[in-house]
Every structure is written in C-alpha cells, then in structure tokens.
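The chain below stands alone and is given in structure tokens; this is the form predicted on its own.
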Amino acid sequence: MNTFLVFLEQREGVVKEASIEAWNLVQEFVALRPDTCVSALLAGPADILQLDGCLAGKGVVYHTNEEAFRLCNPQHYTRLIAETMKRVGATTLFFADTALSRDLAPRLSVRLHASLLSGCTFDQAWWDGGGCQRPVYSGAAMAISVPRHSLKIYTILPHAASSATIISGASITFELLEPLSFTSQELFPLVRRMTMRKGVPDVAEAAIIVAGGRGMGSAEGFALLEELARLLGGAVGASRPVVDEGWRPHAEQIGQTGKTVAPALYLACAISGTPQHLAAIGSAGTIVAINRDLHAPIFDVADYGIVGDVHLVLPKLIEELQEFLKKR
C-alpha cells in the first residue's frame, strides 16, 4: 500500500486554496489506484470547518493546533512534516508550489534523502510513472524529470480551475496530533511580523487579478487598479519593474522571480509582456490586455485587447462597472 501525504498550508488560520487544489489533484490520481491512500498535514491553529465541502476523496487530515506553528518557522515545520511522514509511512509528499514550499521542500529533501521535483504541472507525465513535467526557458519548452529515490517530494503549480467548489461524497476524517516538545535552541523570538492587508486575497490564489506595469506611471497610479480589483473582488498584481521601483510590494510580483498565477481572469494594464511575465500567466483562463503600444507582446497571448492609455481607459471601465453593479 502506497501512502501519499499532502501538506495543507495555512495563513492566519485560513487554509490556502492552492493546497486544497493540490489535495484534490492527488485524489483524482488516487481514485484510479486502489493500492494508494492519501493523508494530509495541517500545521497551526485553523478552523477545520472551513474545509467542509472543499476536499475531495477520502483520507485522514492530521492537525496540530499548537501556537508554535501559527507562524512559519522552517525548523519547526521541517521537523513536524518529517515526523508525520514517518508516522504514516508516506513515500511521497506533495506541496502546492508557494513561497513556503520553496523553502521547506529542499530542507526536507536533504533531511529525508528524497528526490525533489519542483514546479510540476501534475499531468500525464506524472500519471504515467511519477515524472515531473514543468515549463522551462520562460515556458518555451517543457522538461520531464524522473525521481531517483524511493522517497519523493513534489511541488505542484496552480491550475486555472478553482478548488473552492462544494464536493459531495467525500469521506474525510480529522485527527489531532500530540504536541511536539521544543528545546530552547529550537525556539526563536519573533522579530517582526508582516501581514497582508485584511480582506485582500493572495495574488497567487485570486480568481481575478488586475495587474499593472511601469506604464501606470507611479505608485499613485495603482489607485485605479485597486478600485477595479475591489469592484471585481480580485487582487492587485504587479510586474517586476513596478516592484523594483518600490511602487508595490514583492508579494504582488508576478513573473519568474515572483509568483506564478492561474486566475480565471487576468487584466494586464500597461504591461508590455516580457517572456518572464508571460510564462507566469500561462495558466490564466482569460487574459485582457490594456496597452497603448499596439505591438506589445502581451497582445499575442491576450484573449481580448484594448489599445489605449490606461489612465483614460480604466476610469471609463470603472464607471461602467459601477453602473452595471448598481443594476444588479
């Protein structure tokens, strides 16, 4: 019997959509493999009721609600995951491909002597034999990596499909883990705590993203994007030049040196479309581009394009959207 373990990442007590999606993708595979079972690990205080109707399939979710795991401490998380894998006899560990997993997965790979395959699309290559297919060279090619060790760790790229749908027929049980003991050397003081604005979705998980490039002109120019994102219930994203200028935080950066996203709707405002940026939005459902340069590369991948100055187009778009929402 093979055992898979999926790490469910939480932030401020809310389980990330990307982790729920990773669980459901693994369950889709396991449904065709009766010799495989799936467990999950949820680290940190979180309301497990939020997962009701979101997790497909069947399995056990191991939960530790210790305060030591509320905030990410790589040493604590690494030890917890390693011990849980040993407890359940897991041979394969899955993460959603996030900033946290890019920190934890290499640590666990060294500690467990496991093969690490990161940025996987979790498609036919994996289903056929455990290989990891992932985009390389800014999405111009796909590479397939094959694990060499019996223990394997995968990080799964986000998909355009939302995992927040209600799922019926699932059989999920929760088991509370016993507290871990920490030595004085393992405990670290909190130096500074940085959190995102309350009520603002993470750009890596948002179903709708309104992103801006250097053509927005200044940090103040992003007020238009914030208003549009608020009306649409989405998140604000930014290109690398914007973050380099200090107009927006790195948490909102989209691109190879930022985050890979897969929203249902992506609005690219004053973004020219470098290969690095286009590679990070390749899984978006619908792309709408607004740019005054008719020959901007972003129009080559956009489903809809508006040629014009964003400072003239966006106010009109916001006005029309406000009128539409008033009538609903």
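All residue numbers are counted from 1 along the displayed sequence. Just so it is clear, the structure is predicted and the values come from calculations on it, not from any experiment.
Absent from the display: the form predicted in complex with a small molecule. The rest refers to it.
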* Structure fact -> With the partner omitted here, the residue among 67, 293, 28, 300 that in the predicted complex has a heavy atom within 4.5 Å of the small molecule is 293
* Asked: According to a 4.5 angstroms non-hydrogen atom cut-off, is residue 36 in contact with the small molecule in the predicted complex?
  -> no
* Looking in the predicted complex, any heavy atom of residue 234 within 4.5 Å of the small molecule? -> no
* To do: Although the small molecule is absent from this view, report whether residue 173 comes within 4.5 Å of it in the predicted complex, heavy atoms only.
  => no
* in the predicted complex, residue 258 touching the small molecule (heavy atom, 4.5 Å) -> yes
* Asked: in the predicted complex, which of 142-150, 234-242, 89-97, 114-122 comes within 4.5 Å of the small molecule (heavy atoms)?
  -> 234-242
